[in-house]
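Coming up is one lone chain in structure tokens, specifically the form predicted alone.
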């Protein structure tokens, strides 16, 4: 196997890896700015300099030349090389800042040139705390600046588009943003304008940066030049908790990080997963933080003489139980949801199966042609394949409407699908029937319900989904409800405010906690009241039941999902368009 020596340590490799990526893959820290593993390589920042050499091979003797001590003679390149564009070759020797004073000095000099015109505004920059330039300056840069002249001024606070703000003075011309729009989103909306120390990224005159993936340029910007108009000046990175999750606004199920502070989701960013979304996600998925925070259903609601009133959980459980006991199983219609998790769908199915209701129906939210063939799919819901895997009856909107309006149906149980809001049914179709709605947010369907059961959303409980490609993924809690505690749940991350804040501080409160529980917990409470437990004490129990009873999910557990970053399943190609 081919070998390479980095700072006198031998490594083996296959193929033709790039030296910088090889070092990063092997846990070796090395500075860089313009390089990104999913973009082309311009090698224009020069920050990843290394000394590189190859052994001298004597073609006449067909062997490597050796020095007096019997070691291979290494011929180094006459100049420093950019590790990002340098292909590894057998026997190559690399010296980094750890073993070469020349490389160490080159890193300092390069950073000094970058900082010549860069504003020293870290205290007010949104990128502070997660800024590669800031971090690398501390690690590799000079201790001070020799530049005592007026810095070059460029446009500031420029609204490139509806979601991205540019501060051109901070730009170091890494061109990551331009390459992203050329190579990944292919919108070609950004380019570098002007010359020399006055250039910066911009759109064509009269055009705006309205790329459906525009905020990815904010993620990959190595400085604070591009910032999110929505998140700008909201929080410092060290004040927030970073929790892995799954985007539920689309069938692709992009992997995300959910950033919370004081139990509010402040931003959503993509999390790398080579099988699903690489380093990217669409902009509308980031805007889902509003649904997680706003317009939430908190405490059960019952319809009393046409008025919605808040109720206790005990009263909600009694109302639900009495309504179900007043009708025959053949008069109950159970509607699952491609928007809800496997756990919630399975729990509602398991409960009603015990009562003799064997069929659960769902209608997907698929709009042909609305996807882009990249990370936006025609399927607008995250778990259509999950409902299929559970064996639910997939019906069209017209068929579901027919079942709801059937005179033999006396009670309808619907799980977190705004059927009225998306035009599947109207409020008049529910008249004369008991309608219970399990949901996390107020919508047109919740308004029409006789009983509204507030349930946790994807960032408040462990939940799993099967995306359009048949990959099973899961989330972990990022937000607390009034019944959960971040400090007691080992899967929840702790931030600075959680460690040091108290309820008596002005910057920490309990007002952002929603009064809701998972669907399975509500049904488990009812079952226990009826002396017939479902056996669910936590989400893991529900998934264990799923993986024990659903053939396509046999033998899978949460640990396996985490280890593989999603489990690939066999899925049916049958799809229903609505």
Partner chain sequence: MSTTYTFSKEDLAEIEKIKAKYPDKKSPVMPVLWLAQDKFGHVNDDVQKLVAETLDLPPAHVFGVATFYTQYYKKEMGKFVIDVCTSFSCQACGAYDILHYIEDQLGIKAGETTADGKFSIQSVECLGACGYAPMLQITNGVYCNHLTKEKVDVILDKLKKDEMPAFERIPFPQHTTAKS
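These figures come from a predicted structure and were not determined experimentally. Numbering follows the first chain given and starts at 1.
The discussion below concerns the form predicted in complex with its partner chain, not included here.
For this session: Can you check 449-457, 281-289, 235-243, 197-205 and let me know which stretch has heavy atoms within 4.5 Å of its partner chain in the predicted bound form?
Result: Contact criterion met by 197-205 only.
Problem set entry | Listed residue (139, 188, 98, 159) with a non-hydrogen atom within 4.5 angstroms of its partner chain in the predicted bound form | Only one option qualifies, and that one is 188.
For this session: Sort through 398, 120, 494, 192 and report the residue having a heavy atom within 4.5 Å of its partner chain in the predicted bound form.
Result: Checking each option against its partner chain in the predicted bound form, the one that comes within 4.5 Å is 192.
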